[in-house]
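Shown below, as structure tokens, is a lone chain in the form predicted alone; questions about how it binds or moves come after it.
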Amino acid sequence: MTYEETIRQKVIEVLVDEFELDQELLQPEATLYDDLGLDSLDAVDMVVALEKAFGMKMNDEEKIRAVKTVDDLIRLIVSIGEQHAN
């Protein structure tokens, strides 16, 4: 399993556990707000849950606001992880 696949699996696990979402809805192109029904308070909870799950801080608010889809979220976490690895 690649690094990105591992991240994808863990992100989906967090979203399913924290927001009781159906795993089948968590397709890469699914939008967090429209397709999954998350709101701005959920977004804050999501960031906190992902920070805890991955043991890192997500403090670039501009990049976080740019996240629209499940795939955007995964790519953001992969890039943060890669930055911490370097």
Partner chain sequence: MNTDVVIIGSGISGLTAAALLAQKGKRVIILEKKSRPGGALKRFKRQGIPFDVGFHYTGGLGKGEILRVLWEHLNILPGLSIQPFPPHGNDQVSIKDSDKTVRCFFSYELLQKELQRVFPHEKHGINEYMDTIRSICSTIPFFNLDLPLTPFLRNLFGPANTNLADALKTLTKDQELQTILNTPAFLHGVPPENVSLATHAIVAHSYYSGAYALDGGGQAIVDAFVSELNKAGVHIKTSCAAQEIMVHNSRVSGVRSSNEEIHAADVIFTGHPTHLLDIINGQVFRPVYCNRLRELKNTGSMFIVFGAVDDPDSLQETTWVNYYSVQKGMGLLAVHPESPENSSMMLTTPGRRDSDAISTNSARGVILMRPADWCETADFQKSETGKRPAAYEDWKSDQTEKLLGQAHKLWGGTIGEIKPLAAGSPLTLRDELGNPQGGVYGVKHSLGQFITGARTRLPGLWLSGQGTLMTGIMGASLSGFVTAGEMLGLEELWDEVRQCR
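Numbering follows the first chain given and starts at 1. Because the structure is predicted, anything quoted here is derived from the model rather than measured.
FYI, the form predicted in complex with the partner chain isn't displayed, but the following is about it.
- Within 4.5 Å of the partner chain in the model of the complex, a heavy atom is found for every one of Ser40, Glu51 and Asn59.
- In the model of the complex, the partner chain sits within 4.5 Å of a heavy atom belonging to Asp45.
- Contact check for Glu20: a heavy atom falls within 4.5 Å of the partner chain in the model of the complex.
- The partner chain in the model of the complex comes within 4.5 Å of a heavy atom belonging to Ile64.
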